[in-house]
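Only one chain comes next, encoded as structure tokens, the form predicted alone.
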Amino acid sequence: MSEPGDLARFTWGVRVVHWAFALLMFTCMVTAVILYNGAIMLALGHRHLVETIHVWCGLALPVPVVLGAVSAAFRSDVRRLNRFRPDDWKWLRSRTRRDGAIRVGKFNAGQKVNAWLVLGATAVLLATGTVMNWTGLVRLSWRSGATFVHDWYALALGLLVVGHIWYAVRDREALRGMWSGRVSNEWAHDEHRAWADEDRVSGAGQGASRRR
């Protein structure tokens, strides 16, 4: 439920992109565990169906991101994630990075690095998965290499996603922001002060324009 002091953090379109991507990623991870664990696969059966779900959910991963590009808010967030500032380096090096002393924008350096790693790993998994699934594209040695790379990148990405979920669960206000689109003014000031100030100035400017 929104409170009077809440700030709008994510639009509906941005949240749809995030949760659609997350659902596809979660499905890929679950089906991967089933495919790699012989006991689970044997108990479940329907290996071809599990493989098909895994492949097509993997191929669909870029779709929410591509469709999200029609949203100005999503494009704005992508630009913010792609911009690394001196304060971001300071945030990464600091042992007290969460005490509010460093003015953080809408995304902190950890969130930016996480986004880059997830997208980079996803691109590698898509490329290697394509080679593994359509075996006639390249020679056998390439397919063997693709399998090796795919397995290790999948493990690394899985750990990264688990870490992302862990931090999200620990920070309920951040999770609320991605679920409802709004966060408390106090949380925004403590965790993302530069963005909170920017939002406040923007809101004041819009209010002044309406009064004119």
Partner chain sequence: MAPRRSTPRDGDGEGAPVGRRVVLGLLGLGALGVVTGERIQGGLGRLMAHDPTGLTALVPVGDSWRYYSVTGSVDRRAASSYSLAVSGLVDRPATFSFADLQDLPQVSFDDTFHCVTGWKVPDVPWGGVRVSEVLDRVGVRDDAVGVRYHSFDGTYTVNMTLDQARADDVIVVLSMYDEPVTHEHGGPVRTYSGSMYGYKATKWLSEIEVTSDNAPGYWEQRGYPLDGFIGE
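Residue numbers count along the first chain shown, from 1. Just so it is clear, the structure is predicted and the values come from calculations on it, not from any experiment.
Unshown form predicted together with the partner chain; subsequent notes refer to it.
Site annotation in the predicted complex: the residue of Trp166, Phe26, Trp152, Trp56 reaching within 4.5 Å of the partner chain with a heavy atom is Trp152. Checked against the partner chain in the predicted complex, the residues Thr147, Ser180, Thr31, Asn185 give one hit for a heavy atom within 4.5 Å, which is Thr147. In the predicted complex, none of the heavy atoms of Ala73 sits within 4.5 Å of a heavy atom of the partner chain. In the predicted complex, Glu191 stays away from the partner chain, with no heavy atom inside 4.5 Å. Though the partner is left out of this view, Gly120 does reach within 4.5 Å of the partner chain in the predicted complex, counting heavy atoms only. Contact between Leu140 and the partner chain in the predicted complex is found at the 4.5 Å heavy atom cutoff. Taking a 4.5 Å heavy atom cutoff to the partner chain in the predicted complex, the contacting residues in 36-68 are Tyr36, Gly38, Met41, Leu42, Ala43, Leu44, Gly45, His46, Arg47, His48, Glu51.
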